[in-house]
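Below sits a lone chain in structure tokens, taken as the form predicted on its own.
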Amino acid sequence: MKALQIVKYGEIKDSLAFNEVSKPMVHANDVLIEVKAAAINPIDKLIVLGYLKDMLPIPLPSTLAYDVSGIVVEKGSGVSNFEIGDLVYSRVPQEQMGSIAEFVAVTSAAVSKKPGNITFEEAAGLPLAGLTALQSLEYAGIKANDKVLIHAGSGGVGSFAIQYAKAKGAYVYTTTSTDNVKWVKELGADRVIDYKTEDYKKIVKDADIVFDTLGNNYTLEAFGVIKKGGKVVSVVGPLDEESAKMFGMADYKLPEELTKLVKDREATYKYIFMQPNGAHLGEIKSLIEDDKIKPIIDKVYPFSESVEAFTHLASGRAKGKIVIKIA
């Protein structure tokens, strides 16, 4: 079968190639998906550039990407929740990475039936961003009338998180650039802050939750806009001690400055490492089918232009998700 692979670390155009590879083996708890569409995310770009080679070592060459939608064409002996012909979507686990291919094998626990009212391309753009937003906001205990700040509202994760928070009945602040203000308002955000002309720190006060998708100073600044006892969840900030232990870093300590901020605000800080989860994708399926959330696609590329899709991803200018149509 044909697959897009990373053959070495470095510049995108030099590091990616189409190769003929063996169809994946299907183990007892796996389903084999004939891929209709795959989506790419910032993590895929970081893998190609070599920034994650210590944290996520992979053999070279390796087939790329994690987000997928398609049709079940084979299943293992232990799979009872899917049938041949089911239309599905998934965020593929790390050890099964490789959705930019004609077929991918995925553990059935990470798979859900696809929302019935959207296309394969739209479905492929949902898993990583949707699971990241859902797991982050649910960890923070989001509920009706919470005040939530979501950074980078026009990105894949941010645009989903806005809609998810609104579906939960929260009041949503979000940040974006001037060009995207109108578009982000249409996603349902209550107060869209143009970071080029406004200082969000003067606008957001006593937030219940800050969803940090930017890191660096934004992680620290979150404690200036949450209420006492508020919660900061981050997908890019420093690890918390529990997460560090999960990565085998037994002696890790939260940075001193962050520790002080957490204590002063009597706050909670958590680094969220998204986990593939078919049941959570089932929740997202229901929200999509109830028109509570709409998939946001920036551009769909044909399989043959997968390298161009990565170049577009690297530009950082996408509004919503970049999808590759495989078949």
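Treat the numbers as computed from the prediction; the structure is a model and nothing was measured. Numbering starts at 1 and runs along the sequence shown.
Separately, the form predicted together with a small molecule exists; it is not shown, and the next lines address it.
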Q. Looking at 119, 107, 219, 132, which has any heavy atom no more than 4.5 Å from the small molecule in the model of the complex?
A. 132
Q) Where, among 161-169, 124-132, 219-227, 80-88, do residues come within 4.5 Å of the small molecule in the model of the complex by heavy atom distance? A) 124-132
Q.
Contact with the small molecule in the model of the complex for residue 16, defined as at least one heavy atom pair within 4.5 Å: yes or no?
A. no
Q | Touches the small molecule in the model of the complex: residue 157 (any heavy atom, 4.5 Å) | A | yes
Q | Any non-hydrogen atom of residue 42 within 4.5 angstroms of the small molecule in the model of the complex | A | yes
Q. Taking heavy atoms and a 4.5 Å cut-off, does residue 243 contact the small molecule in the model of the complex?
A. no
